[in-house]
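In the form predicted alone, a lone chain appears below as structure tokens.
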């Protein structure tokens, strides 16, 4: 089994749910050179992040190589309840993907 690359926390306060997640990913732009070989390191970055809650899409984000290594994402939305599940999934430009979910506290 592959190592999980997403850590999620979701908390409801009033009618607003705040989601915080940390993703483990190298996020290479394709512009950096390998110090030993001098060759360019191929681009490898998360290109899309999707968040769902209660079966509905609450966030879609398109990224590029300009996002830092191991990106942190925080966002808020309304319309959820305690105990609902929030699912975060990402895909990268090399065909890799991962997803994780957490219950809203």
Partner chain sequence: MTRLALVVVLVLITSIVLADKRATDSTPAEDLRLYRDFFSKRFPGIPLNEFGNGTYTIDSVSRDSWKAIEAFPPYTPMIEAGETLWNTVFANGNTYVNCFHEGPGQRKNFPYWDSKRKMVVTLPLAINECRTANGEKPLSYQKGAIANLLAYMSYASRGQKIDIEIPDKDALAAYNEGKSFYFARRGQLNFSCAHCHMESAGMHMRTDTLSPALGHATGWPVYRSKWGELGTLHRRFSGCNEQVRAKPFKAQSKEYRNLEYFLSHMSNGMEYDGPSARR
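Here the structure is a predicted model, which means the values were calculated and not measured. Residue numbers count along the first chain shown, from 1.
What follows is about the form predicted together with its partner chain, which we do not show.
Taking the partner from the other structure, its partner chain in the predicted complex has a heavy atom within 4.5 Å of a heavy atom of residue 22. When its partner chain is considered in the predicted complex, residue 37 lies well away from it, no heavy atom lying within 4.5 Å. Proximity of residue 33 to its partner chain in the predicted complex falls outside the 4.5 Å heavy atom cutoff. Applying a 4.5 Å heavy atom cutoff to its partner chain in the predicted complex picks out 69, 70, 72 from 38-74, in order along the sequence.
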